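The chain below stands alone and is given in structure tokens; this is the form predicted on its own.
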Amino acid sequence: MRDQFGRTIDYLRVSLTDRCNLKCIYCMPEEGIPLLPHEEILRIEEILEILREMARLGLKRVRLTGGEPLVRRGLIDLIREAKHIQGLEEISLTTNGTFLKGFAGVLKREGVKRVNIGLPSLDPEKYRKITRLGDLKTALDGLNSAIEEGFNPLKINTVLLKGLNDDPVPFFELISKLEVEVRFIELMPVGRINLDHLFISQEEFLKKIPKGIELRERESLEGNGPARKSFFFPGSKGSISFIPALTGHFCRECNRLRLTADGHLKPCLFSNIEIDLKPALRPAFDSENLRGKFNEALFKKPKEKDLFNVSKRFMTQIGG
């Protein structure tokens, strides 16, 4: 699949649910969000039909997200079926890690190749403050389970928040012990949450790295995201990388579309543009109609992010 700017689109992020057991301050407001009615959420078989049709057009990689994907019933059935789709090379998953201890083994056995874990802080009190409901120990138990199951690469997503988690030292201590990659991500102005006062740029964050820590660059990473380079320091088992989601300029390399839990295809995370796929799925599956909607999404994929037309959906409704 190619968009009108010649970019090859072979990666789809699938939000399985808008439900989550946490309420991270950058994902949703404190009062929560109105949850989608059950009948509005795509059924597992509908998601599989989308994946099969997209794979015929060149889809190679799928990442399952939420909300929290591990709360979605039928998740393992979806993975079990999706791994047999011809042309689909990789299934990965992004989770907050709090249920991962009970799922890591079956995810590995059923064919999930990569796991990313959202871990906003390594301090129990700050973790609780950022997630509002979370227990750091539970998340770390999930992380350790993923390591024990042999997920590699294993990535940790840390959305940077000024004054809350912008001290790099605890994360450097983590990668000195564990073979993981910590990805520091700039806060994105998506949804209707105003956290401008918590934004810290990649450039500002880099200035916080102690002068005694000598970072060395590794070769470009294999993967689907904008973090193309990682860094390590002598003696570290793991590495760090950066995703300048707001200040960076990687739209020209974007290879993805996003599918929301209620069946809307988003050509761009930042944009309000959405294409509703449900009319091609209900009351009966219509392959030709579905392909037409894929082409519409490809045509409407913007050349670059437009910060004056930012998506009104909260992050938990998109899946990042």
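Not measured: the values here are computed from a predicted model. In case it trips you up, residue 1 is the first one in the sequence shown, and so on.
Just so it is clear, the following notes concern the form predicted together with a small molecule, a form of the same protein that is not shown.
- Comment: 157-165 is the region of 234-242, 157-165, 141-149, 72-80 lying near the small molecule in the predicted complex, near meaning a non-hydrogen atom within 4.5 Å.
- Of the residues Ser92, Ser230, Asn96, Ser121, just one reaches the small molecule in the predicted complex with a heavy atom at 4.5 Å or closer; this is Asn96.
- For the options Leu187, Ile85, Ile209, Leu215, the one in contact with the small molecule in the predicted complex, meaning a heavy atom within 4.5 Å, is Leu187.
- Using a 4.5 angstroms threshold between heavy atoms, Met315 counts as touching the small molecule in the predicted complex.
- The closest non-hydrogen atom of Phe294 lies beyond 4.5 Å of the small molecule in the predicted complex.
- Within 4.5 Å of any heavy atom of the small molecule in the predicted complex lies no heavy atom of Thr260.
- Contact annotation for Cys27: at least one heavy atom lies within 4.5 Å of the small molecule in the predicted complex.
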